[in-house]
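One chain comes next, on its own, written as structure tokens: the form predicted alone.
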Amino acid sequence: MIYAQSLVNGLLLGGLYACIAAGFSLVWGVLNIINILHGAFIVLGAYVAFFFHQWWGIHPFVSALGAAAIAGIIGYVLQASLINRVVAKSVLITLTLTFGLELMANNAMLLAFTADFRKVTLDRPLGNADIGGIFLPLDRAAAMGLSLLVILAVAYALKATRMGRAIVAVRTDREAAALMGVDVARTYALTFAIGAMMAAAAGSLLSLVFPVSPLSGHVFLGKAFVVCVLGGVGSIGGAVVGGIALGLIESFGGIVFGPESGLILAFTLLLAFLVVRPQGFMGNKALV
């Protein structure tokens, strides 16, 4: 029974990890940027959910929309005004820039929110279901469902909308897309904004599960990096597969090595994949 419970826990956790990593993977695949700022957007989303719930009693499932809108605007402005200036430079340059922006964001949140850990505690939680002796927390199950819904919505937009097709075209061949009339700089800014929106929405959903502080972004960024490598850089479907895989590994690994071993297991897996299968489960050719 303990293994069945671990399977359920791993799937619930993996769905949230997938949403964390999908935006990170999208930005990496299209812009060729390792966005260190991604973890700060996740934390920002969690704080928006916390304060919206504390001040106005808004459920994190609803405030995820507000968090995504705020992060999307910030992401668009940052990309259009700063990162686009160096996006064609080496990965080291963009890595350094996003790292600097992440430090500024962390310090701004420390000043605004203090270093205390915060977590949303619902007044009326959905409760738990008992399925044949398996404990299923319904709030977490709903958060996982919404997380996968966000990923599906972005995947659909990439296939079915003009903006999405422009993103896919720029990712495939930037020069050819520009010759066909695609505004590459604007497409980059929109892609970065979508990545930020997905991160903030995931942060709002995670606020029901994990306590966060302004410096928690490093932990979430590390998990996003691992999931991205597991699934395949730039593949949203791969992010789902990688997220579920990481959730299961952490859940079952917790039985053997203890719950504190999650991060160690994740990075051990990352190193193993970089050696054995650096392209990840799904490869890196398909965006969706």
Partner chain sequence: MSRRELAALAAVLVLLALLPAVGNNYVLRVGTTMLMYAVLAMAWNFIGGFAGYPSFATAAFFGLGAYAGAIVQSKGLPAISAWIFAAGVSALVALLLGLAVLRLRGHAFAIATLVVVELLREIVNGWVSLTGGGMGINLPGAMTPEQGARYYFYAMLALAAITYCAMHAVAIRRLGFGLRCIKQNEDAASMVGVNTTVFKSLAFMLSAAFTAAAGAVYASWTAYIEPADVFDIMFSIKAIVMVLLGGAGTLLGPVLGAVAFLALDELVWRNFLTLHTGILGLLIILLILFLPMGLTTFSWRTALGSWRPAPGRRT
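This structure is a prediction, so every number in the text was calculated from the model and none was measured. Positions refer to the first chain, counted from 1.
The form predicted together with the partner chain is left out here; the points below concern that form.
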Under a 4.5 angstroms heavy atom criterion, identify the one residue in 111, 131, 77, 138 near the partner chain in the model of the complex.
111
Interface residue in the model of the complex among 92, 153, 176, 115, criterion: non-hydrogen atom within 4.5 angstroms of the partner chain:
92
Taking any heavy atom pair closer than or equal to 4.5 Å as contact, tell me whether residue 227 reaches the partner chain in the model of the complex.
no
Any chance residue 58 has a heavy atom within 4.5 Å of the partner chain in the model of the complex?
no
Please tell me whether any heavy atom belonging to residue 101 falls inside 4.5 Å of a heavy atom of the partner chain, as the geometry stands in the model of the complex.
yes
I'd like to check something about residue 107: if you look in the model of the complex, is any of its heavy atoms closer than or equal to 4.5 Å to a heavy atom of the partner chain?
yes
Out of the stretches listed (45-53, 243-251, 258-266, 65-73), which one is close to the partner chain in the model of the complex, meaning heavy atoms within 4.5 Å?
258-266
Honest question, do 168, 187 and 236 all end up within 4.5 Å of the partner chain in the model of the complex by heavy atom distance?
no
Is any part of 70-97 within 4.5 angstroms of the partner chain in the model of the complex by a non-hydrogen atom, and which residues would that be?
82, 85, 86, 91, 92, 93, 95, 96, 97
